[in-house]
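In the block that follows, a single chain appears as structure tokens, in the form predicted on its own.
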């Protein structure tokens, strides 16, 4: 008897199974939209595909009558810039603190409890403090993203640094390596791919903090546009923006995974 856990789908079946959930979601939306519009043609909750398509063309391919800008492009570039700066700061700071906390006992004794406490602070709870302290400009949004994901990166990287076999550290010291040489030659090469993993896993939270900050105080951005359209119940604009954010997030995750596999192939040796 062949057990289900030992059965693997073929390439074609894997493709079909991967597409199936998306197809079911779109089918359910189409059925629900048609039913609501049949009862009320002016319903805005579940607009028809044609209405959504017209909104995509209007937002992405027709210049705005007031500013002359392509709104989807402007919003996307503004959000990606904030996200990139915030994630970059968190990655650099978190990588340094995480490695030092995981490797050096004095740093661990000083930082481990502090990092744990800071990680329990809801980042959105301090958003008003950030606006008061840094103003309503770009800096407060970047700080929110950095503060939101930094504790996770630090704790994750510190844990992974502690998991490095102690024999490697002993051998490096036996060969006369200093602390900084051990960090640069032994620890850092092993932690860089793990750091990419930490950033990937924190991107969802980074998007959440970005959208929240833009919804409260911004003049452009994907989150700003979504909450602006909410006032007019413009679901034909909100839904494409949500799908676009999802696509951007998935693309960034794919780029990071591809970069990790390209630069650190040794991690995947022996894997199918």
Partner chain sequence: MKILPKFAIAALAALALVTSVPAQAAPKKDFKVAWSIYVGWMPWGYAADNGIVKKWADKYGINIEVVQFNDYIESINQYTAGSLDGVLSTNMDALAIPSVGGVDTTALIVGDYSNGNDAIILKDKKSLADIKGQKVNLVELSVSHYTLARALETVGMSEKDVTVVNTSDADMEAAWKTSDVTAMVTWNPMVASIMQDSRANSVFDSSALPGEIQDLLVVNTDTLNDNPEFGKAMVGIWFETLALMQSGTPEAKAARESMAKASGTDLAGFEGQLKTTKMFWTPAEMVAFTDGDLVPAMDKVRNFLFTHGLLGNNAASADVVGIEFSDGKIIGDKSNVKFRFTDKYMKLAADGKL
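Numbering follows the first chain given and starts at 1. Remember, it's a predicted structure, so these values are computed and weren't measured experimentally.
Just so it is clear, the following notes concern the form predicted together with its partner chain, a form of the same protein that is not shown.
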Margin query: Using a 4.5 angstroms cut-off on non-hydrogen atoms, would residue 88 count as touching its partner chain in the predicted complex?
Written below: no
Check: Any chance residue 132 has a heavy atom within 4.5 Å of its partner chain in the predicted complex?
Finding: yes
Check: Does its partner chain get within 4.5 angstroms of any non-hydrogen atom of residue 62 in the predicted complex?
Finding: no
Next item on the list: Look up in the predicted complex whether residue 206 has a non-hydrogen atom within 4.5 angstroms of its partner chain, and give yes or no.
Entry: no
Notebook entry, point to check: With the partner absent here, would 111, 120 and 239 each sit within 4.5 Å of its partner chain in the predicted complex, counting heavy atoms only?
Noted result: no
Next item on the list: With its partner chain left out here, work out from 136-144, 149-157, 96-104, 73-81 which stretch has heavy atoms within 4.5 Å of it in the predicted complex.
Entry: 136-144
Next item on the list: Within 4.5 Å of its partner chain in the predicted complex, which residues of 2-24 have a heavy atom? Give them in sequence order, or say none.
Entry: 13, 16, 17, 20, 24
